[in-house]
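A single chain comes next, written as structure tokens; it is the form predicted on its own.
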Amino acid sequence: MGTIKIKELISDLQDFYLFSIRGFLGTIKQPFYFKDMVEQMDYAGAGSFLIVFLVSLFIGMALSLQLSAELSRLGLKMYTGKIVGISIIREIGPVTAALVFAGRVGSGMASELGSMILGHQVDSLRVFGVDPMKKLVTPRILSSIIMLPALTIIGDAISLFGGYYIAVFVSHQSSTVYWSSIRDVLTFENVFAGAAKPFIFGYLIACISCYMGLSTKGGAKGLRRSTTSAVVISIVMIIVSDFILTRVLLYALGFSV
């Protein structure tokens, strides 16, 4: 029984690997479905803006509040801006945006494609000679790769302003010192480390969500199972890949650990 499950897991991993490769190669092969990509960008980007705004704002405020409380005991409140900036730009901002993206956009992709599978709409595309990978998967991958980094940049800025509000108006720190600290951490290493992750996260979320959606079977229960699996697996992969990427980027950028 255990051997059968291991074989099924290996087979699923192989199918997912080939699926993700085909989806990525579709970005450089004709035909290009620009209208579908724009629609997905609107859904993934503009549709997720409000929730990213709220989550990023309160995370920045909570982080600044905690740091101000702890650093004030040591007489180091002037370092609040620097720590908030490094934490948000390098780590918390990209991961937070990716988790929100997986919860909203990833689940939407999986449920939409799963419904199309159950409604035999994907089979209809094949009958008319349309490649489902090009029509359904590639636009979602491209929109995720484009919009998640954009949402991450916006979320980082909002988090920094949230931290500014707490640091200046609640903890009564110097506004000049806070923004000076933020400028000091906006180095190439920090910005690159924070900017590289969303591209990988977006690709993973789109591939996992589309794969789980197109693997749906078993009616309404199967749709629920595939949507839940898409979100759970995406979240786990975001955390795991974040650790791996952090380790690789620290080594590549010359940081000693």
Partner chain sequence: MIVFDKVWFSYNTQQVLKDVSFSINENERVAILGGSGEGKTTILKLILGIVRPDSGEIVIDGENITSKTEEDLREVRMKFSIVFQEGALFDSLNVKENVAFCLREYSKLSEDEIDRKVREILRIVDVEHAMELMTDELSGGMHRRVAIARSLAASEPRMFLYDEATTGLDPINADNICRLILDLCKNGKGLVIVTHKVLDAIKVANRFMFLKEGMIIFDGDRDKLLHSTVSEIQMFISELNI
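Here the structure is a predicted model, which is why all the values come from computation and not from measurement. Positions refer to the first chain, counted from 1.
One more form of this protein, predicted together with the partner chain, exists but is not displayed; see below.
With the partner omitted here, the stretch from 102-110, 126-134, 77-85, 143-151 that lies within 4.5 Å of the partner chain by heavy atoms in the model of the complex is 126-134. When the partner chain is considered in the model of the complex, Gln121 lines it closely, a heavy atom lying within 4.5 Å. Interface membership of Arg224, defined by any non-hydrogen atom within 4.5 Å of the partner chain in the model of the complex, is ruled out. Tyr33 belongs to the set of residues with a heavy atom inside 4.5 Å of the partner chain in the model of the complex.
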